[in-house]
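This document opens with one chain alone, in structure tokens, the form predicted on its own.
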Amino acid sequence: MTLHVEASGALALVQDAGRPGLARLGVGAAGAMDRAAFSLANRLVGNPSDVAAIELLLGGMRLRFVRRTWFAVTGAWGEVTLDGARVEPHTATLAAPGAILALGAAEHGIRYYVAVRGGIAVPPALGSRSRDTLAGLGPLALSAGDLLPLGPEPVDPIPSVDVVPIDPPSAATAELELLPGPRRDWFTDGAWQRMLGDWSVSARSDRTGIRLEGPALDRIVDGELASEGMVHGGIQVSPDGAPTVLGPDHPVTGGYPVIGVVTDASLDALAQLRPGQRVRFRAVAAR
């Protein structure tokens, strides 16, 4: 069984749960940026929660089904249709042979997830089918004309769920939990307080990192930092005082000081932040 890509949209990537545990080899984890939306899409079609799906930025994709196939769309909300009929978000839908799934521009959030029963079965690289956009590892971004193989029929049936009560990603100010970073003491107390204020998401954001626009963060220590290990959610501050929240495709090491680290519970929200959206951080204690 295959899935035909008739139009790929802005950026369509195959993503699964990633390849964690290889940082010692210089290989990042990658994987779906909105883990909750990715996992939900798989569960809705009876897949194991970690098999490969499509992560689509902004919209503009068209997929043609060869056989009767169950699929689900989660994450961003926009106009999603199957042969012109509206498809409900967070709902398992059965596509007939030859049916066209079209994902319009995202109106809420920014990343769609499309799971197909059986999963996307492209060849894995280092144990994962995820695309790492920084390292150039894993399957290439999808293009019109690609044929995507699907995996075998899962053991689990389609869950008997009518409605999944999840609201669309909000355009309001996103509040994210923040822990002090390992180089918090390189910054002034005023910089930490500004870090806990309001920021705006830059258009210069991607899976490598979400760049924030706002006041410059002043440092106490002006010297160079030897490269050290980086984590998803770490907030690096570049020499111009601008913070960047590291995404799933972040480099495994870095030389900019990390003032704070976004908690694991807040990471998925980063995936759906739109350029210009406001962000506010709230300091929390380590759990």
Partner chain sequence: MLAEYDSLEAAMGAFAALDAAAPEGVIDLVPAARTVLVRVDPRVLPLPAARRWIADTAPAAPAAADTTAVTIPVRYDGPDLADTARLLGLTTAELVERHTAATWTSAFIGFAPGFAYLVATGLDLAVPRRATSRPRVPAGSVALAGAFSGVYPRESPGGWQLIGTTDAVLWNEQTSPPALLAPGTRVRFEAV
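The structure presented is a predicted model; accordingly, all values stated were derived computationally and were not measured. Positions refer to the first chain, counted from 1.
What follows is about the form predicted together with the partner chain, which we do not show.
Although the partner is absent here, Leu22 lies within 4.5 Å of the partner chain in the predicted complex, judged by heavy atoms. Although the partner is absent here, Gly26 sits close enough that one of its heavy atoms falls within 4.5 Å of the partner chain in the predicted complex. When contacts are judged by a 4.5 Å heavy atom cut-off, Glu228 counts as touching the partner chain in the predicted complex. The partner chain in the predicted complex is approached by Val252, whose closest heavy atom lies within 4.5 angstroms of it. Between the partner chain and the residues Pro152, Pro159, Pro182, Gly98, the one pair within 4.5 Å by heavy atoms in the predicted complex involves Pro182. Of the candidates Ala203, Leu94, Leu126, Ala144, Leu126 is the one whose heavy atoms come within 4.5 Å of the partner chain in the predicted complex; the others do not. With the partner omitted here, the stretch from 166 to 174, 118 to 126, 80 to 88, 211 to 219 that lies within 4.5 Å of the partner chain by heavy atoms in the predicted complex is 118 to 126. Scanning 134 to 148 for heavy atoms within 4.5 Å of the partner chain in the predicted complex gives Ala135, Leu137 in sequence order.
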